[in-house]
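So this first bit is one chain, no partners, the form predicted alone, shown in structure tokens.
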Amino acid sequence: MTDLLQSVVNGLLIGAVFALVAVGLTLIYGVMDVINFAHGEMVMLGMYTSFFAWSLLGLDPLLSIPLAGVSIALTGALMYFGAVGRVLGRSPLAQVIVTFGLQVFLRGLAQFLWTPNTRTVPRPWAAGLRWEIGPVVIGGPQVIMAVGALLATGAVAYFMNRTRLGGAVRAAGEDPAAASLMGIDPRKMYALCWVIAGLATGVAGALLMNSYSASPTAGVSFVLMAFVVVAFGGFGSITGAALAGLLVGVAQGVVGLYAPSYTLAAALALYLVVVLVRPQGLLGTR
């Protein structure tokens, strides 16, 4: 029973990170109907930013969060204005090819600039923290990642649902023509979506450096789970992504206790069960 409880707690902690990674993905799809296949590479760039902030400036991953967030937010803006924005209104296939091309380009660029070798921040500040709650042991890096991810996810949800600018973004996604008549420029709102997605992935990348290593393929496993989380929670629903991230994390944690080789299969099976009952996902509307 102790091992099971420990697995559930570990699953909740990593599930919060899954949720944050999925937020940008579901935001872009919910507003623009574009699936960003380069999302994992944005996470990877956030991890590298945090690593180089430590190696060049001596900043702990926690202190590098603002730098990573702003850097990848700017990267998101460049991706939109340089590539994605140019194919809006064209066929969905063109949009898929562009985001897939960005994925290949960014991963290849990372391999060229930094080699395939992994980069790790040794002994981050959070590594010295540890809590014991009854029989459950909670590591500092895991708690820091989860708390930071939940705060960032909550901030994005608050912005989208409680601010005028967030309302403008949602309006542009629901009916661009009507939004234009009300003085809202849909393309500027789309660009803002990529900036927010970049900010979220940059923060996620910096948080992950408390426990993971940066490499050109570091974002692959996280973005794979993000796609599952987004589909599970419902495309376009930030709250659904947050809830699904926690559930997927728990499923992986529990299954990993008994069958470590089947953690991904467990997440996919959970998603399929939900889709059979509710095809639009937990909180999706379409």
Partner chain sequence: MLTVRDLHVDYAGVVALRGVDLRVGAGELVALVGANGAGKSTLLAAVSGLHRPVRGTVTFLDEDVSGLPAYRIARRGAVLVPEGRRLFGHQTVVQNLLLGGYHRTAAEREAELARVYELFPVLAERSGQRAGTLSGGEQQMVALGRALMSRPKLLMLDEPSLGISPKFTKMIFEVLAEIRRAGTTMLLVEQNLRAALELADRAYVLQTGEVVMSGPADELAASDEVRRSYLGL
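Residue numbers count along the first chain shown, from 1. On a predicted model such as this, the values are computed, not experimentally measured, just so you know.
This protein has a second form, the form predicted in complex with its partner chain, left out of what is shown; the following refers to that one.
Participant: Answer with one of 182, 78, 133, 151: the residue that has a non-hydrogen atom within 4.5 Å of its partner chain in the predicted bound form.
Facilitator: Of 182, 78, 133, 151, the residue with a heavy atom within 4.5 Å of its partner chain in the predicted bound form is 182.
Participant: Might residue 171 be said to contact its partner chain in the predicted bound form, defining contact as any heavy atom within 4.5 Å?
Facilitator: Residue 171: yes, in contact with its partner chain in the predicted bound form.
Participant: Given that its partner chain is not shown alongside this chain, does residue 189 nevertheless sit within 4.5 Å of it in the predicted bound form, heavy atom to heavy atom?
Facilitator: Judged by the heavy-atom cut-off of 4.5 Å, residue 189 is in contact with its partner chain in the predicted bound form.
Participant: Residue by residue through 153-170, which ones have a non-hydrogen atom no more than 4.5 angstroms from its partner chain in the predicted bound form?
Facilitator: Those in contact are 161, 164, 165, 167, 168, 170.
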